[in-house]
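Let's start with one chain on its own, the form predicted alone, as C-alpha cells.
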Amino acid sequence: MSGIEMAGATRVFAGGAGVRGIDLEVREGRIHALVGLNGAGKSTLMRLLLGMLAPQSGSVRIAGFDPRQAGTALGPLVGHLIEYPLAYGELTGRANLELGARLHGVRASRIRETVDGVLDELGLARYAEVRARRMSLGNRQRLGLASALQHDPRVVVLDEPTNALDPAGVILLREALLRRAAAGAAVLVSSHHLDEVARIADDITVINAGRVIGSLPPGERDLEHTFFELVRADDLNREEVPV
C-alpha cells in the first residue's frame, strides 16, 4: 500500500495533550475524513504523518515512506496544507504557485501548464497577477490548496481545508478532491464540518482526546447526532475511569 498507514502512533506533550495509539489507514482512490472537536488532536496527527513531529512510539508511513527518513522523496508524492496557507505576500498568485511547483518536482517544461490548470480549477485565474498580501483570507486559502494539489500528488493531506472558503470555493475544492481520488490518490481531510465531509468521504474516522474512538457511515441520515453521541459516550467513559 502506498497511501497512509499509522500503527499505534503516539506523541504526547507536556500537560497531556497529543495523540495516543493511533491506528489509521487511508487507501488509494479513497477520501478519508478525520473528524473531531477542536483540540481533539487532528492537527497533531497530521503533523506526525508528514514528519513535522516524531512519534514517541508506533509507526507512520506515507506514500510508502517513513516521513522522518524520506528526505526530498515525498515532495512529488504528497500535497498538504496544515492549519494556515503559506504564501509569500510580495509574490503574485502565479509566482507563488510556480515556486511551489518547483519544490514539488514539476518539470520546468510543465510548470506553466500546471499552474494555469490549477488557477482555473480553483477559480483563481483572475488573481494570478495579484500579490498574495492583497488577497482576501478566502483566496489565500484557495492559493494554499492550489499549491498542495497542483502537482497531482499520490497522497493529499488537508487540515480543515474549508476554513475561510465561501460556498463557491467549497464546491470547487470538493470537486478537485473527488477528481484526485478518482485518479487514484489517497486523500485525508480533517474537519469539524460533518455535513461537508459526508458529501465526499468514503470513510470517516472519529478522534477525541487524542484517540480514535470509532467511525461513522458517510451515508447515515443524522450523522451529526451520531458523532456527538459517540464523543459524549467517550467523554463519560473517560470520566468514570479512576485516575
Partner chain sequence: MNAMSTALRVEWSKTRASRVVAATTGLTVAGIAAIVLAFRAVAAGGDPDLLAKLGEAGAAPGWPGLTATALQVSGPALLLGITVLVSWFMGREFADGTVTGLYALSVGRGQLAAAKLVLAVLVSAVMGAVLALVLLVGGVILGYGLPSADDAAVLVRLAVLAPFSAVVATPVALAATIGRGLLAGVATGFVLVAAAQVLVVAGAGPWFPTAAPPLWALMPDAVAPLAVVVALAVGVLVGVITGWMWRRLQLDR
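Being a predicted model, the structure only gives us computed values, none of them experimental. Residue numbers count along the first chain shown, from 1.
Quick note: we don't show the form predicted together with its partner chain, though the next part is all about it.
In the model of the complex, no heavy atom of Arg199 sits within 4.5 Å of its partner chain. Contact check for Arg47: a heavy atom falls within 4.5 Å of its partner chain in the model of the complex. Contact annotation: Gly169 falls outside 4.5 Å of its partner chain in the model of the complex, judged by heavy atom distances. Taking the partner from the other structure, its partner chain in the model of the complex has a heavy atom within 4.5 Å of a heavy atom of Phe13. Between its partner chain and the residues Leu74, Leu173, Val156, Val118, the one pair within 4.5 Å by heavy atoms in the model of the complex involves Leu74. Leu86 is the sole member of Leu137, Val130, Leu86, Ala125 with a non-hydrogen atom within 4.5 Å of its partner chain in the model of the complex. Within 4.5 Å of its partner chain in the model of the complex, a heavy atom is found for none of Ile207, Arg221 and Val231. Partner contact region in the model of the complex: 65-73, out of 65-73, 28-36, 187-195, 211-219, criterion any non-hydrogen atom within 4.5 Å of its partner chain. If you take 17-44 and check each residue for a heavy atom within 4.5 Å of its partner chain in the model of the complex, you get nothing at all.
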